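Single chain ahead, written as structure tokens, the form predicted alone.
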Amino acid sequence: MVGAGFAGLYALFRLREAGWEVQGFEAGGGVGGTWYWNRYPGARCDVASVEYSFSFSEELEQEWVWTERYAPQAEILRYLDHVADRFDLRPLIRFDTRVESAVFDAASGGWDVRTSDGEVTRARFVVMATGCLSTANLPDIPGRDSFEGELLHTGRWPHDPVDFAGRRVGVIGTGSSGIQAIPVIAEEAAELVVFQRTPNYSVPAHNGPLPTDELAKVKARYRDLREKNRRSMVGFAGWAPAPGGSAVALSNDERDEALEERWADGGLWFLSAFNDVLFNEQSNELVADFVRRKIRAVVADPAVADKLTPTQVIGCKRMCVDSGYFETFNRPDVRLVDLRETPIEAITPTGVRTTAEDIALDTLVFATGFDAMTGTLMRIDIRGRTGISLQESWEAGPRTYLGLGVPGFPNLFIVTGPGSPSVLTNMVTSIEHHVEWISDCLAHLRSEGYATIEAAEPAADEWVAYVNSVAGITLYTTCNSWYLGANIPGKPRVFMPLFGFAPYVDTCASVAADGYRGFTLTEADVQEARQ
């Protein structure tokens, strides 16, 4: 088991309970995954806390008390620490131990897993629970390592508090982490300079304390809520109102009224006000224009408002959720630098040099996101049945079957891998579904006497084509986003997640019910296979 975030912890629990001997490896010093590393100011989840949580234990659901509508990083980490201790999972994990390679031995049908401490562990199965957003992207800007001030990345934040008081701070990046961190840093720093390449859409979170009576109502109907999540297209918001019809079909006043209601409630559910926002360009533009008007109404300086106003399709990049982000640019000590007008030439020992000026800084924060979905996997030397590495196999883009298996790599499973709904869903819902599918699969192999399971080449080819066809009917592919790997130089431009959680769940169930259709299962003693 590689990773000890939500996916790794649940997989360790589930497989141990099923009677397997399990060993977890975690590069960090504790559990938490994303929430162990991302400790930047303002870091919090954009899915409601009561839904961004495990459903496998009713006792856990009832005993844990969420305090905010959207849980902050520290609270989520406390929750995962509690889970690890409550279910006695820590003894199963080797912390501060990075997996460097995993090599399949065709003769024995097992994997040799080499770790950073030099040890090699033999395993029959390997489950990669490495997360979709776990490898920080630090752009290779000329002079980056020459900076003599404090250099930080939101995805690898120090464990000790960072003091911004009296300091000149620069933040590069205005995606989700930047939009969360910038308002908080601005409250403390003497000066803040925000370097923006592409403006992003963001809707208010309207976060606050979670009322006791509201939490009690959720706890009383958790089973119903979880089932609705499993049957939704995105894996969360089981209580949210159903989407309306087409935005185009309404009058301006009717449409604005519907959007105002969602805006007042806040959060990601804003994007589902109408059922065709991600499919119909005209509807999308009407919703996007509503958000643009909101930005211009908040930002006092029209020139700054114009720079902060996105022009791309709304939702083609990850929608952001904020607490006072646009209001921050009304502060006299906050400045916006538009990198489309004046790109960064270099980072200097004293700050940042653009094509227009030298900007002196004491602290420089990279809010530049991640090498998403495949980054961590591609940094491990994973070699399959024929000795070909995963890097070679995925040279033209990730190729999986169901996002769970990879042709040529027997007994290797990926949790929320490329080709699955993953980042287009509530990650915890997707994680639980994958872990349970993997656990049931291993139980089938054990009971039926199979030694290996491997995704078949034709099945993977058909699946990749299907994922691409689904993406093609949406507006997701209309802009450069990390969904396509566009934030990483040289990375193949392939839309990696699959839209539509509930249909995907049905497909996975059908595959399993049909004897794991599309996989090759090899018997333990007889070198025959069935597909």
Ligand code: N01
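One rule holds for the numbers: they count along the sequence shown, beginning at 1. Predicted model only: the values in this text are computed from it and were never measured.
Omitted here: the form predicted together with this ligand. The next part is about that form.
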>> Partner absent here, but in the predicted complex, which of 182-190, 369-377, 431-439, 397-405 has residues with a heavy atom within 4.5 Å of this ligand?
In response: 369-377
> So, in the predicted complex, is residue 482 in contact with this ligand at a 4.5 angstroms heavy atom limit?
Replying inline: yes
>> How about residue 68 - does it come within 4.5 Å of this ligand in the predicted complex, if we only consider non-hydrogen atoms?
In response: no
>> If we define contact as a non-hydrogen atom of the residue within 4.5 angstroms of the partner, is residue 456 a contact of this ligand in the predicted complex?
In response: no
> Is there a non-hydrogen atom of residue 350 within 4.5 angstroms of a non-hydrogen atom of this ligand in the predicted complex?
Replying inline: no
> Each of 10, 55 and 220 near this ligand in the predicted complex, meaning some heavy atom within 4.5 Å?
Replying inline: no
> Quick one: of 198, 363, 393, 280, which gets a non-hydrogen atom within 4.5 angstroms of this ligand in the predicted complex?
Replying inline: 198
>> Using a 4.5 Å heavy atom cut-off, which residue among 128, 99, 287, 133 comes into contact with this ligand in the predicted complex?
In response: 133
>> Under the 4.5 Å heavy atom criterion, name the residues of 42-76 that approach this ligand in the predicted complex, in sequence order.
In response: 44, 45, 46
